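Taking the form predicted alone, here's one chain by itself in structure tokens.
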């Protein structure tokens, strides 16, 4: 199967580092959009401002409805994760570009950050009492529940990493097969389906992060 020419290849960036290049591309896109919006904020939003307010406002309402008012304290992080992953995913639909989330290292870094952050939030909220989140509802169950909970939490970064990597990598392969076997014009209708799938994967990562943070902030029962 012939691989398409990528922008990273044209710039002389080697295969092992292309996901880093496209990750920086995603960050630059978000910074540019942020600066554009900052300089043209209006009381009555239009255009790009209106589009971003719909997305961010909808995510904030969903977060507060799920987590409660405490969700507002972690929403900037959650929103940033969603937008960052969304842009990374969509880069795979652009000509001469690749999705950095199709590389397992990118996803592992984000998953590890989420793991460290929600545990930090738990320790900040409850101090040493955070250990109760791992001990189960009854003291006699502690010897059983403690190792189970620890294994469960340690598996979360792996789950976040492999879920995002498997789905995005699979979609990239399928899209490449479409381009190989069919005329380019015939693949255009599939772009909408891939767009929805990539948006869904970003939302799933965001939602799981929100659930982990909610568990860390809630009182241990």
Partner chain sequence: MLLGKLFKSFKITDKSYLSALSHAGTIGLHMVSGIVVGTLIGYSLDKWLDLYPWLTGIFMFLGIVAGFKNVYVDSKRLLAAQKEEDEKRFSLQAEDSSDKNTRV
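Positions refer to the first chain, counted from 1. All of these numbers come straight from a predicted model, not from anything done at the bench.
Note that the form predicted together with the partner chain isn't included here; everything after this is about it.
Looking at residue 32, you'd find every heavy atom of it more than 4.5 angstroms from the partner chain in the predicted bound form. Mapping the unseen interface onto this chain, residue 159 counts among the residues with a heavy atom inside 4.5 Å of the partner chain in the predicted bound form. In the predicted bound form, residue 179 stays away from the partner chain, with no heavy atom inside 4.5 Å. Among heavy atoms of residue 28, none comes within 4.5 Å of the partner chain in the predicted bound form.
The stretch from 113-121, 94-102, 72-80, 145-153 that comes within 4.5 Å of the partner chain in the predicted bound form, counting heavy atoms only, is 145-153. For the three marked residues, 17, 53 and 107, no heavy atom of any sits within 4.5 Å of the partner chain in the predicted bound form.
Counting a residue when any of its non-hydrogen atoms is within 4.5 Å of the partner chain in the predicted bound form, the hits in 191-217 run 192, 195, 196, 200, 203, 204, 207, 208, 211, 212, 214.
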